[in-house]
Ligand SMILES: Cc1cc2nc3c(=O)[nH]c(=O)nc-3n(C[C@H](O)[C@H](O)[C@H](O)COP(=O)(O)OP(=O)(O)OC[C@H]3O[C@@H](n4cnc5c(N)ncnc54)[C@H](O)[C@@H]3O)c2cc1C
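The data below hold one chain only, encoded as structure tokens and taken in the form predicted alone.
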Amino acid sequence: MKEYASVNKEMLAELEAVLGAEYVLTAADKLEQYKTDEETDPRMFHLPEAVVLPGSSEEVAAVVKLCNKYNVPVTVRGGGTSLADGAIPVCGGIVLLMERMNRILEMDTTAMYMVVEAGVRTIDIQKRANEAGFLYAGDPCSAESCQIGGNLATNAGGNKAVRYGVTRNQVYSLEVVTPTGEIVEVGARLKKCSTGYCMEQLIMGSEGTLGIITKATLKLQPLPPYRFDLLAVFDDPVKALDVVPKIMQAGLNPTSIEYMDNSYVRSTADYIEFKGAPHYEDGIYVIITVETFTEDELDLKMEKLDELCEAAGAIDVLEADDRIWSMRRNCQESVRLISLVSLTDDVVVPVDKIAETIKYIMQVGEKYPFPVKINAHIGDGNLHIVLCKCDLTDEEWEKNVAAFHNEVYSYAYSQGGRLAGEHGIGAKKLAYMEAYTPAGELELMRKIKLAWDPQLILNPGKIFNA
């Protein structure tokens, strides 16, 4: 790992001259707030040496230039919702907050696009689009707290990816501050383009290692006026999982297909205090959303869905109201009722391999001394595996987690899968990224990183060792 300089008085003075003293934080209580993101293991925490809050792209660029000048790393932080240690300053240095850059700059309802700064909360983008009769289709479960810049940096997925795709499918263009402090625009508001490299697609998903996203032009979709959310309850995970290919093959074009095992049904119902959660004791939930532009089409699709779920062995088929969706969105938070320290994986496999992959993980999990909980975006092949430390010692936890990961990751790659579908690699999966990524592919990534960021200033210690 490269050695970096510490933030000194001269650098702080220059930062204050650029940003204003009130936007350069060095007090111990302020730094303490940014030593972690959603990471719960204290051994992974790292204190920054300073926290800065730029208010414009020009100020972001000035900060990056100062970091290059003084050889100080900078870690960009949006809403702090990373589950992969993506916003933890593992090499110290500066944490750069995007929260002041939180404006929706333009919305064009004729051309169906929106221009936003990177610090806008995802839910605020969704609400603004909905109010005008449109849809912004990016929908991570953390939408109420995450920022669009973080969604772009990790190529977030979420609940609507089955129908609309992931975050990168919702974007026309980006404004980016490069690792050397230049402001550039990449992409264009076009339906198709074959003009050189697709730079915006490379930057999205690079987790803040290739540039700092400051603005984005987002695509809007027509908002379907008719919607129904169905809850199919199963008492056998095999039956619950086997219904997915039947739904996809029926041409119903669902917006969401979500899976919660029974441990999640119980923990999330407890967390949101939903006393009457259907089949609390033994139910496995499959939540399916269908949206249409005509009422007749909705009725036909819901009738077909009901038939498919009952034929697959569902013990109950109900309407999924807001409480059911609240359970799904609070899966991660509910884990704290069981264990203060936990670890979340988001392995992704081809959609046709999702059922057998979950079955495999359930079998493997029985060998280990920690609870293994599974929820999944089963319609797009992305499953979330949560391991709970509970009363294990640090040594027992690390030994068993490593063994579990080796089994699960090896199986996922054997099925054509990858380590992360939407959370990213961050610092948490760096070693696994280097172990499982084909050597030629990993070397290309390293060359790109070094070419763009020769001083390794942006978010070091993430994805892979450069």
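Numbering starts at 1 and runs along the sequence shown. Predicted model, so just to flag it, every value in this text is computed and none were measured.
Just so it is clear, the following notes concern the form predicted together with this ligand, a form of the same protein that is not shown.
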In the model of the complex, do Asp41, Gly92 and Lys429 all reach within 4.5 Å of this ligand through at least one heavy atom apiece? no
Which residue, Pro73, Gly79, Pro179, Gly379, is the contact with this ligand in the model of the complex, using a 4.5 Å heavy atom cutoff? Gly79
Contact residue in the model of the complex, from Ala137, Val244, Leu383, Met98 (heavy atom within 4.5 Å of this ligand): Met98
Glu422 near this ligand in the model of the complex, any heavy atom under 4.5 Å? yes
Examine Leu83 and determine whether its closest non-hydrogen atom to this ligand in the model of the complex is within 4.5 angstroms. yes
Would Gln126 count as a contact of this ligand in the model of the complex, using a 4.5 angstroms cut-off between non-hydrogen atoms? no
Any non-hydrogen atom of Glu207 within 4.5 angstroms of this ligand in the model of the complex: yes
Can you say which of 281-289, 235-243, 145-153, 267-275 gets within 4.5 Å of this ligand in the model of the complex, counting heavy atoms only? 145-153
Restricting to 334-353, the residues within 4.5 Å of this ligand in the model of the complex through any heavy atom are none
